[in-house]
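Below you will find one chain, with nothing else, as structure tokens; this is the form predicted alone, and questions on how it binds or moves follow later.
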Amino acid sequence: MLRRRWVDAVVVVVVVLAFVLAPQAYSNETLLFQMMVYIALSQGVNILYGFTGYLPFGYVGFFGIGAYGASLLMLHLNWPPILALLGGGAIAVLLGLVLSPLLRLSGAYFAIASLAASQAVYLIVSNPALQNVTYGPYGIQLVSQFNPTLSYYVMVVILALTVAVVLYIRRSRFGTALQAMRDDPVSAAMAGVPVVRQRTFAWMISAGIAGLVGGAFAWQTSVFYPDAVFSLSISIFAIVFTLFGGAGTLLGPLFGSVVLYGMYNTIGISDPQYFQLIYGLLIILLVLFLPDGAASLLKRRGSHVL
């Protein structure tokens, strides 16, 4: 047990140091920030899908509401950015609580319902009639709060907390209960697991992570429109990165995000046609030979870090 705790601590420290030191070797701080965003979002998806089996196509809704919640707290109430980020995370958790009845659905029904809910939030935020409150479709400007260096390191802290939360869930009775519910919810309920409550907790933790990340993204970007923070591609990227690396593991979403997002920025922007071809081939090979993700290779070797 003590050895596992040391390993867990080393994993968190390595992740933090990697992104703290990375700007010294690679000057594109924006790309590093975006990579942290997708690693954290992938871990948020991992908590929900990897441990409960619920695939949230509408996960971007929490990201978007976190971005808008934090921004509006800065603009309307003059909250300092870090406090506003926490407020954005809290608003995302509150939205998760409001949408928790969706957890009564399962499979494709839940995926579609969560997507519809995120689109409903997007339509409310971008409504021109709410321009005085949300700035409608005209976007947000946080120029007076712009601080790319501080927001970068705050994102490092959020990423570290996200990794620590996933580690805790993997090692805790809570995580064991979630996996039991994922495999057989009826048997888990008969064994005394409070299925609805535990599932709702996982849903809200996942929502809070997305909200914090969305707030950090808004602060780093400073100028953005509703389409940018409610784009379905954000959910798709986070889900694909998680599945590629391996859902239900710690290093899987991290590996998937670094490899696939790195590939996207290397060839996806300049040569999108080649990227789509390579991307598609990778996913086909993954489904055929590694259905549990790339992390299953390490699992076969008995790695305890995953």
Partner chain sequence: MLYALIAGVLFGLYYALIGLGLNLTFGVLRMVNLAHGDFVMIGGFAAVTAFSAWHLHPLWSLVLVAVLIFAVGIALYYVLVPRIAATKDPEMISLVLFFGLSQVIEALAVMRFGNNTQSIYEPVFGKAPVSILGQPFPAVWVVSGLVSLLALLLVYLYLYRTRIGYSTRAVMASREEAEVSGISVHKVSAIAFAIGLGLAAAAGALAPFMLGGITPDLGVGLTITAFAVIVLGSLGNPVGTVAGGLIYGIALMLMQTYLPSWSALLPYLLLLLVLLVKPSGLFGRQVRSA
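What you see is a predicted model, and the numbers here were worked out from it, not measured in a lab. Numbering follows the first chain given and starts at 1.
As for the form predicted together with the partner chain, it is not shown, yet the points below apply to it.
With the partner omitted here, the residue from 147, 200, 119, 141 that has a non-hydrogen atom within 4.5 angstroms of the partner chain in the predicted complex is 119. Only one of the listed residues (236, 133, 83, 94) places a non-hydrogen atom within 4.5 angstroms of the partner chain in the predicted complex, and that residue is 236. Shown alone here, residue 26 lies farther than 4.5 Å from the partner chain in the predicted complex, counting heavy atoms only.
Interface residue remark: residue 106 is counted as part of the site for the partner chain in the predicted complex, having a heavy atom within 4.5 Å. Contact between residue 13 and the partner chain in the predicted complex is not found at the 4.5 Å heavy atom cutoff. The partner chain in the predicted complex is not approached by residue 35, whose heavy atoms all lie more than 4.5 angstroms from it. Heavy atoms within 4.5 Å of the partner chain in the predicted complex are found in exactly one of 205-213, 111-119, 151-159, 219-227, that being 111-119. For the candidate spot formed by 75, 260 and 267, no residue has a non-hydrogen atom within 4.5 angstroms of the partner chain in the predicted complex.
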